[in-house]
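As a starting point, one isolated chain is supplied in structure tokens, in the form predicted on its own.
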């Protein structure tokens, strides 16, 4: 196949990429850097960062997204490590672990409202057993949004890390055991550096998903108060105040923050993986 035919082969996928990702990004960037008349301005960004009510959405979103991402990844690592060689009932366990993916964000949120609400099954059980005297506020607050992101994000992290850890040659572990290494030393010096790329990718994907949280923050949080995340701010400016330029500027700010976090994680990944390569060669 010559080079011209190769380009024709990839043309449909390139066109799909441009229409679905490149054009919306460039259009959003253009709107964010212009006013309603199409004149270049940085006023949208200065107005956003100059307003304490709008600016605080960055911190609110980070305060939700970072803990949710860390919980998902840290929980997924031991689960994936324990299940890397298979075990009895693995298919059933995996089914229940990935079930939230099939339900969708809105259905999971509605289920949490029913199960964890003031009159939900969980509160009824806690009060019936005497663990608590009154209903625990699991929803319509920070905790509700955080739990929702953990329930929805954990399966992605688990499946990605399970694939990475399962692909590690078991002979490496056997060789380390023969040389007298403990289980912790095997995990810390062999497994963890080799699975670091998977951890980095799982963290980045979970963070982007959590940082762009919208339905959960509306249904399970307080969208006009403590859990007014940055995506809600962008939505309100674009579709309630009909200021698409300001809404686009906020969306570009979201993208910039996500890109910054991803770059930091990739730098960490490169340092860990490079260290593992040096140790392996030594």
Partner chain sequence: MERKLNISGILFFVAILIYLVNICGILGTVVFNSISKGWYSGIFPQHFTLEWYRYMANEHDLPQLLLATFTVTIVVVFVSLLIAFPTAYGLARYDFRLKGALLSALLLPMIVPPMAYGIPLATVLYRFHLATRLSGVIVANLVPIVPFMILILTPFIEQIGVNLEAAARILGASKVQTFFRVLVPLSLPGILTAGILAVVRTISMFELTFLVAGPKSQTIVVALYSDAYAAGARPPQAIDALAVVYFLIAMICLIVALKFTSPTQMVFKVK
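Model, not experiment: these values are computed from the prediction. Think of the rigid core as the biggest set of C-alphas that the two forms share within 1.5 Å after superposition. Numbering follows the first chain given and starts at 1.
There is another form of this protein, the form predicted together with its partner chain, and it is not shown here; the text below is about that form.
S.K.: Is there a non-hydrogen atom of residue 265 within 4.5 angstroms of a non-hydrogen atom of its partner chain in the predicted complex?
M.R.: No, residue 265 sits far enough from its partner chain in the predicted complex that none of its heavy atoms falls within 4.5 Å.
S.K.: Would residue 222 show up as a contact with its partner chain in the predicted complex if we use heavy atoms at 4.5 Å?
M.R.: Residue 222: no contact with its partner chain in the predicted complex.
S.K.: Is there any non-hydrogen atom of residue 94 lying within 4.5 Å of its partner chain in the predicted complex?
M.R.: Result yes; residue 94 sits at the interface with its partner chain in the predicted complex.
S.K.: Using the partner position in the predicted complex, report whether residue 254 sits within 4.5 Å of its partner chain, counting heavy atoms only.
M.R.: Yes, residue 254 is a contact residue.
S.K.: Does every residue of 12, 28 and 98 put a non-hydrogen atom within 4.5 angstroms of its partner chain in the predicted complex?
M.R.: Result yes, every residue of the spot touches its partner chain.
S.K.: Name the residue from 208, 71, 146, 196 that puts a heavy atom within 4.5 Å of its partner chain in the predicted complex.
M.R.: Exactly one residue meets the criterion: 208.
S.K.: Within 61 to 82, which residues have a heavy atom closer than or equal to 4.5 Å from its partner chain in the predicted complex?
M.R.: Counting only heavy atoms within 4.5 Å of its partner chain in the predicted complex, the contacting residues of 61 to 82 are 79, 82.
S.K.: Look at residue 92 and decide if its Cα position differs by 2 Å or more between this form and the one not shown after superposing on the rigid core.
M.R.: It does not, since the residue 92 C-alpha is displaced less than 2 Å between this form and the one not shown after the core fit.
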